[in-house]
Structure formats: structure tokens, C-alpha cells
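In the form predicted on its own, a lone chain appears below as C-alpha cells.
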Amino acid sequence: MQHDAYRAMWERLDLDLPAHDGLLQVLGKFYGDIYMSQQGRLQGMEYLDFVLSEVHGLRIQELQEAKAQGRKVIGTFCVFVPEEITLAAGAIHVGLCAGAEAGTELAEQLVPRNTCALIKSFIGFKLARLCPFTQSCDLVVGETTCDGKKKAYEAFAEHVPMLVLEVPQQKQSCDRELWKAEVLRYKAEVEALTGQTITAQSLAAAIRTVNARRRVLQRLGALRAASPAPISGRDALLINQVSFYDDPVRFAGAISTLCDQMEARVAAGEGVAPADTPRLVLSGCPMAVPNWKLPYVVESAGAVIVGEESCIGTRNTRDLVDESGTTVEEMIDAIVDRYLRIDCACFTPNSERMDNVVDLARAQKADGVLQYTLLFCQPYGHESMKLARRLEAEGIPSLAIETDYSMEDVEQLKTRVEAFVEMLRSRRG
């Protein structure tokens, strides 16, 4: 990325330019060490390399050009915000910066220190003026998927135009009514923001667009079941991460091409690691860009990641919106039902998540599951204990990891992961 070409744009967005330059420099080196050092990458990953290299440059420029044409930009942190409605109103739906330590001291002036890294990250990126996505937003949409986020949004609303959607905590009929009311409230807010009325035609087109992206990611996931694994877990995670930032139509086309290359590799019996490499599924908290620490540790330990059960993974792509509706009302119902199938740890009970993790591990022929929980994340911390018992009962080894975005525990993580991978290797015989 040519920083000079975007400097005036970043100034207009009120970024802290020296700090932003430093961030890009660190991330560039981090990316080079973790991604560009891999062997046997698919040619199609060049697209992802390019998108990520321009994620604060060309992609932001695209957003600014769209805004100049009257389109609105809506930023989110969660897969519960219905992207179909955003697109149907002609707005752009983007994920926001939340995957690295940034502006931590500033964030801790708004939220307690013992808040999870993801929450402190998105607040820190904003207060330190480091995220051009947040700076581009006409509206930021939060959701009540945990108490930490819920209270943080109260403070965050003093700094950004904010809307918070109430996500129910159970899945009874009364909860569906609540969620439908929230989806309709979001529709009304987006229509007011954009000045566009959502029609059956625009909503149907948006549903097809988002479903197409989900389908190509489902295809990617299915191909990862092959042995040897045709793509590394790091690259697959990057693809899922980029899906939150890139144009959905362009992204689906590029990943479809990459899947074609994966199919050819599978047909040839080729992979990124030998067939006897221990295979792992990651499960738990989302990993936003550039949170690549644990996947790097895992694959450096001699394992390969073949699936991610998280919001940056199958939780976001498993279910499609029914495309058979012909009226706005029917399509809204289909959206409500699809989003209520998300097995977020905010729900109680949430037994379907246990089933989904086991099913994913079986489908991907995984030797074990690595449970990943951010420090101070109560919902996934609680479910980690329950999931460990379920996996043990199913005969699937698991390891629970609790960490944050710092690099201080890397050596400790290496020791634990290497021991786990060695145990899996010995089970294979």
C-alpha cells in the first residue's frame, strides 16, 4: 500500500497519522512473518494478500467514493446485525477494527480494566483515532450479546452515532417476537438513515447477495475436510476475516476461484501439510483481524486447523436465509428465523452449539478441538467447561485456551499446544 496516496484521505478522517503509520508498519511485519512465510499457498491467496494490504487504503477510498455518491456506511461488531437489510437500503455494511491491542490506556478510561480484549480493542481503536472504518461510519450498530458489550456501548455512544439491537437470550416464541421487533426497528432506522424504502425486490437481491457469500464460504469449509488439508488454517481464517470488510459480490467471486484451485489440489491428493498431520478445529470466541496469534502457534506446532466454530467461521456461514419469500413481510420472517439459529453463547440454554461443535469436528475429520476463550469473556468461558465434558463423552480430545491480544503468553501457549499436538499424534499411532 502506498501510504502517501491515502494520506490526505486519512487526514480528512481525523486519524492520528503518526500512530496510524506505526500501526501499519507493525501489522505489515506481523503479516509477513505469519502469512508470507507459509509454503504451498494457493495462488488465489494473492487476492487476500492484496485486499488486506489495502484494507486501510483502497477499501476506505471505495467507502469515501460511495459516501460522496450519497450512500451510507454502517459498521458492526457482530454477526447478529442483519446485513441483508443494510444492503437492501443501498448502504454498505462493514466490520470494524477490534482484533489488536490499540489505545488500551484510553479504552480503560471508559471501561473497567478487566474487560475482554475485543471490547477494549474497538474502543481503543476509536479513541486513539486508528480505525478508518469507524471514522467512515454514518451509524455503528451494537448488540446485547454480552453484558460487557452492552455496558461498553453506553460509553461508546458518546463517541459514535450508535444503535444497539436487543438480542434475546432464549429461543422461545416470545423471544422470536422480540427479535422480529428488533429487526423491524433496524429496518426503520436504516430506511431513515438512507432515505430509501426497502422493497421486496431490493431485499430479495440483498438476501441472494449475502447467501452467495455464505455459500462460497460453506464450499471452502467443505473442501477443508479433505486429507491432506488443501489450505492452512491461517489462510482460511484470513478469508473469513476479510469477508467482513470486502465488497460481498467481489469477495464471493474471488473465493469461488480459490475454491476451484482447492478442488484441483484435492483431486491431485495434494495439501499444505502431510496427510498424517494432526487436524484441529478451533472453537469459541471470534478472531477479528489481526488476531492470528493462536492459529500461528498451532500450525507452527505441527498441526493444521481444518475448521473454525466461531463468528469468524461456521457460526456466520452455517445457515442461509430462505429465498422463497416474495413479500417484504415473508423475507423479514426468513431473516428473523435465520439469525435466531445462530448458536451464540449469549443464549441459555445453548445445547445446539455443543452439537454443532461435535458435528464440525466429525465432518472435518478433526483429531481434536482447541477451545479459544478471550480473558474475561464470561459466556464462552462458561460454555468451555460444558463443551469440554461433551467432547470427552464423544471421545474427542480438547484443550481449553484462555488468552488475550498481547504476546506475553506466546511461549506458554506454545508449550501447551505442542504437548496437545504431540498427544494427538501419539493417538494416531
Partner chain sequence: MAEIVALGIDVGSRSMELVALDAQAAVVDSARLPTTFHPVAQLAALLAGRTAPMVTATGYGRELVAQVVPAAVATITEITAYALGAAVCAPKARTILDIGGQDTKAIRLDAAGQVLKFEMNDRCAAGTGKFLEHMATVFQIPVEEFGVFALGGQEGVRINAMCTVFAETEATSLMAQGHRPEDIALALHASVCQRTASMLGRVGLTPPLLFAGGVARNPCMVRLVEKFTGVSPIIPKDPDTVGALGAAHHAWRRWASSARSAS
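Numbering follows the first chain given and starts at 1. All values derive from a computational prediction rather than experimental measurement.
Below: the form predicted in complex with its partner chain, not depicted.
- Contact with its partner chain in the predicted complex, defined as any heavy atom within 4.5 Å, is confined among 39-47, 60-68, 356-364, 396-404 to 396-404.
- Under a 4.5 angstroms non-hydrogen atom cutoff, its partner chain in the predicted complex has Ala419 among its neighbouring residues.
- In the predicted complex, its partner chain sits within 4.5 Å of a heavy atom of Glu392.
- By the criterion of a heavy atom within 4.5 Å, Glu11 is excluded from the residues contacting its partner chain in the predicted complex.
- By the criterion of a heavy atom within 4.5 Å, Asp21 is excluded from the residues contacting its partner chain in the predicted complex.
- In the predicted complex, not one residue of 293-322 has a heavy atom within 4.5 Å of its partner chain.
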